[in-house]
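Here's a solo chain for you in structure tokens, the form predicted on its own.
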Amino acid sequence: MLMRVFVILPAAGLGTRMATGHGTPQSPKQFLELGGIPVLIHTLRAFAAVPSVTRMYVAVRAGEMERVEAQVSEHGLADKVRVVMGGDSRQESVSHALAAVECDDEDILLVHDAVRPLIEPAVIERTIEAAQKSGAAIVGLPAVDTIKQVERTADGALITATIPREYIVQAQTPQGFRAGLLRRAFAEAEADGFTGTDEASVVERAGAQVMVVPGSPTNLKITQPGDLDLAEFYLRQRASR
């Protein structure tokens, strides 16, 4: 049986770190426009451009489902995208989408931040290949700055150690896994009441090794004021190539 690839985009966040004018709790960052097109649509288009991707699942808040379905249809992605109800946390949203995906244990599931719209198809393909080979893989960037471990005190943070940069990567998405592994890891986490910082942390807890594939500085996550302007700059650069 041929391996299939499915994508989950948790997009139920409220975007509270964006300043008024770029985004507010009433205007989540995944719906902001980048080059005149919603950020979420840019992200979906990137995955739709990868031939091995079978279907994408977008997990959003109940009140946003119709809006997203209309945007997906307007931009010609309805055949490849299913909108599902998200949860109050990223992990809950991914769990809801996992329940909706009809796939085999050996298929690949990619989880990607909905607000990383500039992910390149080549990076997606590298992640798929690595997940197929090892069972679990994420995109990461080498740390550039010196990393300090600290202890929080009433007077501020105190350095307790300096961590060599060769041991550090900054995790990005997509994060890819064999479907059976991701489902088992999520089931164990739910049973134990564990909440991870990302999907890889949940899978690591289940005892699996996770490979890292090279990411890109342009694969930024639109989170804070200024990120949208930087994404616009990268988008213009890409268009001028």
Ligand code: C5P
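From 1 onward, residues are counted along the sequence shown. These numbers come from a predicted model, not from an experiment.
Unshown form predicted in complex with this ligand; subsequent notes refer to it.
When this ligand is considered in the predicted bound form, Ala11 lines it closely, a heavy atom lying within 4.5 Å. The shortest heavy atom separation between Ser73 and this ligand in the predicted bound form exceeds 4.5 Å. Among heavy atoms of Gln30, some come within 4.5 Å of this ligand in the predicted bound form. Put simply, Gly87 is close to this ligand in the predicted bound form: some heavy atom of it is within 4.5 Å. Picking from 121 to 129, 76 to 84, 152 to 160, 108 to 116 the stretch near this ligand in the predicted bound form, with a 4.5 Å limit on heavy atoms, gives 108 to 116. Taking this ligand as positioned in the predicted bound form, the only residue of 194 to 230 that brings a heavy atom within 4.5 Å of it is Lys221.
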